[in-house]
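Let's start with one chain on its own, the form predicted on its own, as structure tokens.
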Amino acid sequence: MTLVFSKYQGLGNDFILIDNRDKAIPILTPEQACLLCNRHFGIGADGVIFLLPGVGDTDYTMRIFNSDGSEPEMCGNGIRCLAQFVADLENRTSSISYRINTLAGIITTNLEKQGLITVDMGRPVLDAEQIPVIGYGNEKVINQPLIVQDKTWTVTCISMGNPHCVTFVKNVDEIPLESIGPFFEHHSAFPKRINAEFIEIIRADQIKMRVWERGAGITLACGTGACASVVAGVLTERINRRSKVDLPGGQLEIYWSEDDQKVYMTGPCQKVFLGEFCGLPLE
């Protein structure tokens, strides 16, 4: 089986994009996606994104498999890459908006003339049971203790369509992310696992973030995580509603609107290359 694909990256968060518009379900299995994401035996990526037909009044549908084969509800950097992928398929050279159906709901993307993409990420979910987080009732998990590896961390938990646990620290570079990340992801408090963000305050309108992503591990950027981190910073009165987020792969601008309570993410993405993958197992 030969697969035609495109490779895109958003701040180093890289994805394999598949034109899946002729079918209503992904044309690959999670196991096949794992093979494609393997950086030694496959193409190499943090995930595989499928462009499917829209549902209802949406233009398109997005589905994504992580590099471990799991399927997240949404991906912030991934949906920017998908929007650019659509624009490239349609030969669009000017600004355009798309309404994209995701497992986290309908997301609107706006391609801007300067090469940036702004995404309406919707309203953050703060109730523990909806995130979900166990052990806190249905209250908001803001500046609450969480014991991980015999250490008590002060965390704030938020869903941006997918679950996040945000921890503010003095120096993110000192966090042993590779060793502590899996224990956050698989903690018993998080029945659907969790994305773990560690945040250092630079100033009132800028933070520095490192992330362990559910199903992908350490990545260079996480769009939903950046959104969750700014929301957490506002809730704990640390930063402004409009803040820059410095990630290992680059910078995002996040704005949590006081008017409509929606979070808006602005950042770049780039087509890396096109190709064909040969010999993909049929099952």
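We number the residues from 1 along the sequence you see. This structure is a prediction, so every number in the text was calculated from the model and none was measured.
This protein has a second form, the form predicted in complex with a small molecule, left out of what is shown; the following refers to that one.
Enquirer: Tell me, yes or no, whether Ile158 is in contact with the small molecule in the predicted bound form, where a contact means a heavy atom of each within 4.5 Å.
Expert: Ile158 lies outside the contact set for the small molecule.
Enquirer: Since only the chain is shown here, I'm wondering whether Ala221 would be in contact with the small molecule in the predicted bound form (any heavy atom pair within 4.5 Å).
Expert: Looking in the predicted bound form, residue contacts with the small molecule include Ala221, since a heavy atom lies within 4.5 Å.
Enquirer: Going by a heavy atom distance of 4.5 Å, is Pro124 a contact of the small molecule in the predicted bound form?
Expert: Because no heavy atom of Pro124 falls inside 4.5 Å of the small molecule in the predicted bound form, the answer is no.
Enquirer: Is Ile207 one of the residues lying within 4.5 Å of the small molecule in the predicted bound form, judged by heavy atom distances?
Expert: No, Ile207 sits far enough from the small molecule in the predicted bound form that none of its heavy atoms falls within 4.5 Å.
Enquirer: Name the single residue among Cys75, Cys81, Cys165, Val133 that comes within 4.5 Å of the small molecule in the predicted bound form, judging by heavy atoms.
Expert: Partner contact (heavy atom, 4.5 Å) among the options: Cys75.
Enquirer: Heavy atom within 4.5 Å of the small molecule in the predicted bound form: which of Ser243, Gln32, Thr61, Asn66?
Expert: Residue within 4.5 Å of the partner: Asn66.
Enquirer: Within 4.5 angstroms, counting heavy atoms, which one of the listed stretches 213-221, 233-241, 33-41, 53-61 is next to the small molecule in the predicted bound form?
Expert: Checking each option against the 4.5 Å cut-off leaves 213-221.
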